[in-house]
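Single chain ahead, by itself, as structure tokens, in the form predicted on its own.
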């Protein structure tokens, strides 16, 4: 399945931050939506700001337009304010992208656990993110840092407990 670009993507002014406050707010909302949709479609969890400038999401070669580095940083800051992005370094050169928040992933995982009668059982993190039983689930292939945060959210709700095992980490669901 190929990625569906929004109409704005082929509109040259979209690649220049607009000076009018209302227009800019709508533009930033569209950029945030595009960036999250693109990352979700391609299952991207980390982004490098310098690489992002050459990425198809911020660089439309067809119309020969790309978002400036400064504008990309404005979009990323907007995503951070919304809770969808976290910087990995003080220089703000690499970031974690959360196109679904840990609580949302936790809810999906817990629904799967309940549906499959796995309450009161222990699973390894590997089984959850890479096991045959989770093949086809949205959380299959989830990066470990996000899986842990999702399970921590479930732990806070009293639905799970993260445990340390001989060969790594696991989780018991309640």
Partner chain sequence: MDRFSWSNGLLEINETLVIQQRGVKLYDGDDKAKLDVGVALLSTHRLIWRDLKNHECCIAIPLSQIIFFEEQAAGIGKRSYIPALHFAKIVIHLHPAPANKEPGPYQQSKFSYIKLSFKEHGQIEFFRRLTEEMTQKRWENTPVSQPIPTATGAQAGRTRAVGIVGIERKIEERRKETDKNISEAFEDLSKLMVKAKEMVELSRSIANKIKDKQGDITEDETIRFKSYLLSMGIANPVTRETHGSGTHYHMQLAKQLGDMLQAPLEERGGMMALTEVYCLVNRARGMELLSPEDLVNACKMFESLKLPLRLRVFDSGVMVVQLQSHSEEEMIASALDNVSEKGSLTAEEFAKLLGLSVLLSKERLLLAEKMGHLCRDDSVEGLRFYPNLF
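This is a predicted model, so every value here is computed, not measured. Positions refer to the first chain, counted from 1.
One more form of this protein exists, namely the form predicted together with the partner chain; it is left out here, but the text below deals with it.
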Residue 42, heavy atom within 4.5 angstroms of the partner chain in the predicted bound form: no
4.5 Å heavy atom contact, residue 23 to the partner chain in the predicted bound form: yes
is_contact(residue 16, the partner chain) in the predicted bound form, heavy atom dist at most 4.5 Å: yes
Contact of residue 27 with the partner chain in the predicted bound form (heavy atom, 4.5 Å): yes
Of 64, 48, 144, 135, the one that lies within 4.5 Å of the partner chain in the predicted bound form (heavy atoms): 64
Stretch in contact in the predicted bound form with the partner chain, which is absent here, among 127-135, 111-119, 64-72, 32-40 (heavy atoms within 4.5 Å): 64-72
